[in-house]
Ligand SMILES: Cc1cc2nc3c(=O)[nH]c(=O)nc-3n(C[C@H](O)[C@H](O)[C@H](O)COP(=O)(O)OP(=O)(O)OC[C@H]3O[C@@H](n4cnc5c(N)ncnc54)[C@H](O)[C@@H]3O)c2cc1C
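What follows is one chain in structure tokens, specifically the form predicted on its own.
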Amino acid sequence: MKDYSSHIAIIGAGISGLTLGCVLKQSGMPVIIFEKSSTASEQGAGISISPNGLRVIKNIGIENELRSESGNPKEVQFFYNQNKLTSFPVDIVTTSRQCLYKNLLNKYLSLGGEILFDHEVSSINLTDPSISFSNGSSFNVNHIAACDGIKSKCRSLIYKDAEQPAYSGYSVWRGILEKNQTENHIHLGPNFHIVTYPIDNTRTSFVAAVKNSKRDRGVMEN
């Protein structure tokens, strides 16, 4: 079994895990990513990357590829009850999560990055850093970075008495439309807001948040 005792272990091969993996590999640090799924994939609709995020993307070296496959809106427009209120210029990249994920994965692998699939965390030791997995394997590592998302298994293992997430009062719908849009649109109204932006030349992502005193079943929430 390979020795990862000198490696930084990243839990989760999602967008955050791959981004960290790329940064560390470019710095010459030994890295291993553990992923609970059997394959590399990313779920979700769109994602907007602001200038601080773009600086990371540029340093990793995937900015040109990402821009060529994504939306590059130069203006954001605000509406209230279908009436335009104002607008201002922006420097952002709007894309699909799948597109960003693909570019990060390709970059990480091109740097010689390694991912071990089918490795779901079962226990973590922070004193003498080590990780055990549900498939029976375990590894000593140098450091551990938890990048396993909003429903983090690592968080629940380390902070066993942590408060559970509370419903914010907003239900959120996300999706992708076959529509060509060149700007970001933000629609405001009583107890709701809707954001739409292009993710490429033919598709537009939308996010609709509606205030609701009662939690709706089956609704994606932010």
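Only a predicted model underlies this, so the values are computations on that prediction, with no experimental measurement involved. Position 1 is the first residue in the sequence shown; the rest follow in order.
The next section is about a form of this same protein that is not shown, the form predicted in complex with the named molecule.
J.: Using heavy atoms only and a 4.5 Å cut-off, determine which of I60, A45, I194, L66 is in contact with the named molecule in the predicted bound form.
T.: Going through each option in turn, the one that passes is A45.
J.: Could you spot which one of K179, R155, R174, R55 gets a heavy atom to within 4.5 Å of the named molecule in the predicted bound form?
T.: After the contact test, the surviving option is R174.
J.: Is V121 a contact residue for the named molecule in the predicted bound form, using a 4.5 Å heavy atom cut-off?
T.: Yes, V121 sits close enough to the named molecule in the predicted bound form that at least one of its heavy atoms falls within 4.5 Å.
J.: At the 4.5 Å heavy atom threshold, is Q26 in contact with the named molecule in the predicted bound form?
T.: Heavy-atom contact with the named molecule at 4.5 Å: absent for Q26.
J.: Quick one: does C147 come within 4.5 Å of the named molecule in the predicted bound form, counting heavy atoms only?
T.: Yes, C147 is a contact residue.
J.: Would S16 sit within 4.5 Å of the named molecule in the predicted bound form, counting heavy atoms only?
T.: Close contact exists here: in the predicted bound form, S16 approaches the named molecule to within 4.5 Å, heavy atoms only.
J.: Each of G71, K102 and D200 within 4.5 Å of the named molecule in the predicted bound form, by any heavy atom, yes or no?
T.: No, none of the three is in contact.
J.: In sequence order, which positions of 71-108 have a non-hydrogen atom within 4.5 Å of the named molecule in the predicted bound form?
T.: The stretch touches the partner through R97 alone.
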